[in-house]
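What follows is a pair of forms of the same protein chain, given separately as structure tokens and numbered structure 1 and structure 2.
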Structure 1
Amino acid sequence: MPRAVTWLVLAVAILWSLGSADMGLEKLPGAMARLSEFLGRMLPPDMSIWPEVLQGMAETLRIAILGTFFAVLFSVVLGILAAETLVPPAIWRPVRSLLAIVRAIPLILVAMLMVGAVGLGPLPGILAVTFHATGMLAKFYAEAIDTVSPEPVKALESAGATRLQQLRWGIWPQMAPVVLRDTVFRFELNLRESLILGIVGAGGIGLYVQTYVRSFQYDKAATVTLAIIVLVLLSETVNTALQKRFS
């Protein structure tokens, strides 16, 4: 598609969205006063609940860690099955379609289904994160396999190496930096998503957000919000450090 046509399509899409969105801009003048009133109820934060908040943060972190770990295990197998350079089209095409379906299902819906299946607590959160993350990681792993240089693989094949040996010595050294980068990125995303899973009863600190907001305890909700900000900033710092380490 020519560049001019691309820009024209984008312009038409933006103008169409602006013209039909019914955004209700007349509500903006009074929004600041209502927002200030709401924020005023959150100050000062109630730090007496900090032990409970720390417990919720630890549970959220466990959900993200275990969800990422199990997603990596499944993604290794599915990533190989979805790689065009390793398996025939009769295998990789259905697997990639399956991964696309997995990615299309909203995480919050998966979490609700898991809560209904196994009950409240961190287990449905771990299962939901595992399911949702696998759809993305397996796709990334497959693409990483497909982008490696074929020369080392052909050399190993001509030497009589098996498929597993080709993957271990010809493909993995080339794709390792990409795989590690994508895995670290997905862990950070899993952590952020785990923060809201408690809203549907899937464990983690999100449960405290729901509880305090619904009971109008905004000062306690402010403490939970501060804890979430700290956790996200720490994860961002660790992610940046790991990205530099693997790049």
Structure 2
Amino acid sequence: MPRAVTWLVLAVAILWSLGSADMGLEKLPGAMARLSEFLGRMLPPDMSIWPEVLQGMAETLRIAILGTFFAVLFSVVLGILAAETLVPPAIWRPVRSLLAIVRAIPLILVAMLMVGAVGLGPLPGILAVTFHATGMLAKFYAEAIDTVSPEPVKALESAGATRLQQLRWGIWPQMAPVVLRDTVFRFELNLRESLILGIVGAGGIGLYVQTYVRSFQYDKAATVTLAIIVLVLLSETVNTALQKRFS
């Protein structure tokens, strides 16, 4: 019975989406020709804009690096305040709720608000990434703190270790791999999400995507697309390699 209900809900959802939206499905057959023409105009990619593309990519990278850096700083503080094993429920409960709300706001929306607040350029991008990433990273850090086993820490205290020594040689070794893994993972997400920030004027390569597509310069848009693909694949490779080292 529950399984039949699941299928029914699924079917209704799909039919509702097909029937209600004015998608213009009838345009699909004729679109094939235009799509191939569109792709044709992307080839060959216009490599003359390579210097600008590199510059845009560098700016995106800087936004991701600085956004991650500041998010880490905020997350260390908020992560401690959201850890069930460190602070009373009166603190970690509201902090966790706050982080959930922060996480729920899409990056592009935050970026638009930041552009409104501080103007165009990479600064609103950095602020938006910092804000958005902290919502996830602080939660991850709190969970890393909560998984630390208290017994080894107790043993160090019994041997006369100070609080700082307990933190350095009892607590940190236990949470380090999780924290490093989460941070690298969040950096990769930040980089991917920063690629489109320029569309709303928040800096980086996104500006060129916007400009070239809007002005029908598809050969230049193709160059930007290629550069983005290379950067994402590269960051994914580096991330995978790093993840294996943290165990």
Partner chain sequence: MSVAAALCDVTHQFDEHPALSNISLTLKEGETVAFLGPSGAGKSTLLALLDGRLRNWRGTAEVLETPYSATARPPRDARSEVGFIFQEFALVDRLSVYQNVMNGRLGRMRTWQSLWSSFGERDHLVVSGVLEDTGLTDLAARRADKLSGGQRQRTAIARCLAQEPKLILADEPVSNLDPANAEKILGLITGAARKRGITVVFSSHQPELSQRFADRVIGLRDGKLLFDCPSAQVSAADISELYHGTAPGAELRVVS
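By convention here, residues take numbers in order along the sequence of structure 1, the first being 1. All values reported here derive from a predicted model rather than from experimental measurement. Under this definition, the rigid core comprises the largest set of C-alpha atoms superposing within 1.5 Å between the forms.
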(message) Between the pair I just shared, point out the form predicted on its own.
(response) 1
(request) Align both forms on the core first, then report whether residue 229 has a C-alpha shift of 2 Å or more between structure 1 and structure 2. (result) no
(message) Checking residue 170 here: with the core superposed, does its CA move 2 Å or more between structure 1 and structure 2?
(response) yes
(request) Superpose the two forms on the rigid core, then give the C-alpha shift of residue 13 between structure 1 and structure 2 in Å. (result) 7.6
